[in-house]
Ligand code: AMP
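What follows is one chain in structure tokens, specifically the form predicted on its own.
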Amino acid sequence: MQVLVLNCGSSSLKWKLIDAASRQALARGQVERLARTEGAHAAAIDEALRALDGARVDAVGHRVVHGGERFHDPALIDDEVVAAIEACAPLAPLHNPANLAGIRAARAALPGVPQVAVFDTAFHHTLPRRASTYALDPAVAARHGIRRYGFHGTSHAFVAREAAAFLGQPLERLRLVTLHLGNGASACAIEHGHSVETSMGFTPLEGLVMGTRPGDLDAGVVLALLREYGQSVDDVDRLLNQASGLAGLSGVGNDLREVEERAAQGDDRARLAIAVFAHRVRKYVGAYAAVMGGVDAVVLTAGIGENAVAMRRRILQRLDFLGLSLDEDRNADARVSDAKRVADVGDPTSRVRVLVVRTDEELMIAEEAAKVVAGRTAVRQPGPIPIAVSARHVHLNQEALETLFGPGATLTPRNDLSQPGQFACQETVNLIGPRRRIDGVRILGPLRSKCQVEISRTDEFHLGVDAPVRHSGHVEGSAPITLEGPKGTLTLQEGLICAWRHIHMHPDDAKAFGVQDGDEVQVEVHGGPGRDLIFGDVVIRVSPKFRLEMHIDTDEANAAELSQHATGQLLTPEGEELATTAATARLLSRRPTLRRPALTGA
């Protein structure tokens, strides 16, 4: 599929024609200095189409900066989607109107070609509430849509995927800090493939120092400028968006190369600009390592991240306490391109890998658009999927069992569970947290190689712990918990998780549904009156040992007011329901590149 990717700004149009299967750019171009008048974008797109000289266009992918609360994935564009993007314009007044102008012009120029919107904010939809919420009156925040959205999501998602492939590790097993460092700059904590923290917030002003934007700033500074120093709202807007950051600090401009050149000549303002920029990025690296309970790799990308050797050195110094060590020669020699996307600049002894990755947001948009368009004709076979509630429980290894129940202890089966070979045990343990305890938590068998305790968000608050959302078995860097048994106690340094909602499938089921192990789907559950909920990012787990069943925790089941025998039903990607029986839930199947469940209460 050949996808025309359009990135429409207020004064420019960047375009690229990409073969999504081969990942090759077939043509590219840019139209600069667009007039701020009606029809300018239409003329620019006509110019791009002339440059293509009749080349086939199977789909159009549009970069859209802000998707607000609604858009968590790429969307096939129709009139309703256009209206929804327009409704988000107040959240990104410099970007969404220009994106919309490009969409309207492209739909008019290519009326028979499917068009897809890919949102900068979508990747960060998975932020837990503690990361996306500002400490404001919730009523005020809800009324005005004030929350942390995050940006540069397409770039963060792309380089995370490339880094995982380079490291030869599944993305869902890695903890990454990705640094998109260009004229716009942002950091992202990606835990097991999903954004859990990011530096940009309600707008792209928050976070790192940028070319012309200050990043983190005491809101009192804005109030003082408005109240005490006679600045107008427009004055402050210009200051924060156009005259701050590297440009404002250095007095030279927003090009780091020029700032570094002036600093080398002894200019103190330029030196300070460089120091503040590096300090802010380094601070975020350390903070995000703490958020994730560790970090496996730091990834640098975009203009500064890919090319600024000295700035990379400044940012990554004094991080030895994380186990991160830069190799000076590798850093100096690092070159990335479309042909060689990744360079390893870490010392061979460094526990935390350090990678420079060539970002390609256009390729990411093309691949996402191709998946959406291809999915329109996908055929899925129907079938009811039982939904089961997974209560809090404990998995133990033999050593832990003997510590808690005495030497030579064995598990005593109480009743079989729905999954073949699994059973609930007579034995229970008590969970002891920093705040409170939960007694009588059931152990499940058989024994495992690692201990794991699965709880709900309500349990987490009760115990006074902060447990990450994880796939079962992925306990590295998770939360600690103390277990109390009749013969002893055991403190696990890691192992406490909130379980990722998932669907167990036998390979035959997966084939029938048209999904694969690791795919993610959405489930709309019809609960009690007015309690319809969409459970996003339900991961598919496939094994010959599994029986078809979806697992959610008690919090989610209570929120949805599920009946005892609730079942699920697969839909086509366009939402057309396929016939089935006893269906009280609908599955919307797709394969987003990166997602994390937005758990109730998360």
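Numbers follow the displayed sequence, beginning with 1. The structure displayed is predicted, hence computed values, not measured ones.
If you look for the form predicted in complex with the ligand, you will not find it shown, but the lines that follow are about it.
Answer yes if any heavy atom of D296 is within 4.5 Å of a heavy atom of the ligand in the model of the complex; otherwise answer no.
Outside the cut-off, so no.
If you check in the model of the complex, is R351 within 4.5 Å of the ligand, heavy atoms only?
Heavy-atom contact with the ligand at 4.5 Å: absent for R351.
Residue-level contact is defined here as any heavy atom of the residue lying within 4.5 Å of the ligand in the model of the complex; does D360 satisfy this criterion?
No - in the model of the complex, heavy atoms of D360 and the ligand never come within 4.5 Å of each other.
Do N183 and the ligand share at least one heavy atom pair within 4.5 Å in the model of the complex?
Answer yes; at least one heavy atom of N183 falls within 4.5 Å of the ligand in the model of the complex.
Taking S472, G518 and E520 together, does each of them reach the ligand in the model of the complex with some heavy atom inside 4.5 Å?
Contact check failed for every one of S472, G518 and E520.
Since exactly one of H506, R257, R436, K450 fits, which has a heavy atom within 4.5 Å of the ligand in the model of the complex?
The option sitting close enough to the partner is R257.
Considering P128, G215, G485, G303, which brings a non-hydrogen atom within 4.5 Å of the ligand in the model of the complex?
The option sitting close enough to the partner is G303.
Pick from 306-314, 85-93, 189-197, 396-404: which stretch has non-hydrogen atoms within 4.5 Å of the ligand in the model of the complex?
Contact criterion met by 306-314 only.
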